[in-house]
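Okay, so here's just one chain, in structure tokens, the form predicted on its own.
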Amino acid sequence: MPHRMSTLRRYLGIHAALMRYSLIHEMQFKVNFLLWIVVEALWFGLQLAFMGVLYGHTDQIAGWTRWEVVLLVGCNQFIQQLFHTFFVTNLSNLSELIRKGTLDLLLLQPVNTRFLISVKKFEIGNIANALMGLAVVAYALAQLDRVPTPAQWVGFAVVCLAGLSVHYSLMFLLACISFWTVRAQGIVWGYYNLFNIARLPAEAFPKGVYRAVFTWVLPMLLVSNVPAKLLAQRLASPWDWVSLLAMAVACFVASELFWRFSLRHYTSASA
């Protein structure tokens, strides 16, 4: 146990150092930093405006009221921006590490290589956009006259972390295709763009292949809907959040197995 705690502190220290370096780097380009926040905020505003247009013609979408869907959009924004903060840039860069041979150097470091690849860069600007999503969640709850209990807020944090784990594992798995294709940024960013699907309730999509794929194969709907349902008190049974937790574990295991398989078939750039 003491050895594990020492290892954990070591990795947390490395992560903190990488975060400080990313922050210093971002502050060297303050205008770009602020513009990125503004652009993301405008895009988020357009999503909310789109929902306003939809509810100008109807009272409900698949049984979801206007403010319940706004809550869902806020949850999706919160998860998406946190995911971008920690992982998207890093995972999309894996193909460049392979192509340029930089991965060889990372493999020689006395630190877990997957850890280094995953957290090398920290996109601090997206934290502000994640907080915007959380603010919209709080406002929507006020409009719905819902006051989640402390246990529900803890549950919300847990399912959001599970959702982040699902997205991270699946994008990491897709990024590992770079070991064969060299360039796989299109696949990785294609997955990220699917977040747009998650701003609508799963019930809005007809039952069939499409809904099944985006719930269980590329689980955009599962990840965004469960936190929103939890806060909106729409969870009729624990099945949804149990499914999300199980999905998080299964996706991480699958990504780790594929990562190890990919490394066994990796031909060093110096070979």
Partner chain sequence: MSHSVPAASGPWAKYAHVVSMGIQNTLVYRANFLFRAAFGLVPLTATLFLWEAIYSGRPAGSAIGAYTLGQMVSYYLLVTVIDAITAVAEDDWQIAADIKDGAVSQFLLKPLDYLAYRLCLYLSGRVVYTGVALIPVALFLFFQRGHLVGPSDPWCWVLVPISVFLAGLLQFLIAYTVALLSFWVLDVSTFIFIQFAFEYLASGHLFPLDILPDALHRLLLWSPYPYLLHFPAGVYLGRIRGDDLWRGFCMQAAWVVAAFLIARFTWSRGLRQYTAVGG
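Quick caveat, the model's predicted, so the values are computed rather than measured. Positions refer to the first chain, counted from 1.
The form predicted together with the partner chain is left out here; the points below concern that form.
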* Asked: Though only this chain appears here, would Thr58 touch the partner chain in the predicted bound form if you measure heavy atom gaps against 4.5 Å?
  -> yes
* Pro201: heavy atom within 4.5 Å of the partner chain in the predicted bound form? -> yes
* With the partner left out of view, is Asn32 within 4.5 angstroms of the partner chain in the predicted bound form by any non-hydrogen atom? -> yes
* Ala212 near the partner chain in the predicted bound form, any heavy atom under 4.5 Å? -> no
* **All of Trp36, Val53 and Ile187 with a heavy atom within 4.5 Å of the partner chain in the predicted bound form** => yes
* Between the options Gln143, Thr113, Thr102, Asn196, which residue brings a heavy atom to within 4.5 Å of the partner chain in the predicted bound form? -> Asn196
